[in-house]
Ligand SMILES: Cc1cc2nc3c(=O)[nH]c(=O)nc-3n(C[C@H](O)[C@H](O)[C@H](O)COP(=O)(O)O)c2cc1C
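Read the single chain below, which is given as structure tokens and is the form predicted alone.
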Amino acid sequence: MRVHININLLGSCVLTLLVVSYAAWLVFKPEVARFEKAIVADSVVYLPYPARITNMSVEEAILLRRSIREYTSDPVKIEHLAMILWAAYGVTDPKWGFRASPSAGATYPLEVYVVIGESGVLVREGEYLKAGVYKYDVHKHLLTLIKTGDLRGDLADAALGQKWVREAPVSIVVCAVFERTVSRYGERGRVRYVPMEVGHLGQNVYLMATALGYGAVVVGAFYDDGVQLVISAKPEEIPMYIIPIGVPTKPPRTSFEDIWGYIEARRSG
């Protein structure tokens, strides 16, 4: 007995199966489906969408968070930089535009720049972001190129010669436009609320960087005008933090069992 196979019908069935499978994947794995690759177009870098990409819990990230000042020569992956920037100040509420870091009265006084060294950010195998200074657009989740060149040395000079600023493949520079908050809360906004918000952002950077396998350190010792000049900040954008980020040469090795032992020793002492 001969069996005749309708090739057209078979192809149609296979295509239907693929379409249904892909649709189901979109439903059950939307964070994966929308995690696009970066698109680099002249002076704009469209970052990969925020998504759940780490396997580390919040508890573990807090446990392993350290101020790391020594890095390997490895670059930061662009999808990881995208997540660190989103965790710092990205939008987490599409209705109101609220962000990852809390802000007094949702005045959002901070601006985020990124200083990238030569071969500092890996886009894909053999391709790196152009060295230079970029500014993060929180609403469009993209980077705009401000100026080109490996300016890590200039940034380190403005930061009193701190070598970790010079050696890290990436440094985030956080600036504050005080008037956004001061106009609503007066001097209390200047001396309390804005500095608090810088701290909120810095801790988010620490935790996301840790969860992704990087080390970071917040730096506050620098000449404000020198940093402004390096990143071409606007006059009203006052530098508050430099945060170098890179792969640590010595990742922290601590367990919760170690913490239990520490606590027990002090309870019994």
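In this text, residue numbers run from 1 along the sequence as written. Just so you know, these numbers come straight off a predicted model, no measurement behind them.
We do not show the form predicted together with the ligand, though everything after this point is about it.
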Partner contact for Arg66 in the model of the complex: the ligand, 4.5 angstroms, heavy atom: yes
Any non-hydrogen atom of Tyr214 within 4.5 angstroms of the ligand in the model of the complex: no
Wondering, does Gln162 line up within 4.5 Å of the ligand in the model of the complex on heavy atoms? yes
Is Pro235 one of the residues lying within 4.5 Å of the ligand in the model of the complex, judged by heavy atom distances? no
Only one of 126 to 134, 162 to 170, 77 to 85, 185 to 193 has heavy atoms within 4.5 Å of the ligand in the model of the complex; I'd like to know which. 162 to 170
Just one of Val40, Ala51, Met208, Val219 has a heavy atom within 4.5 angstroms of the ligand in the model of the complex, so which one? Val219
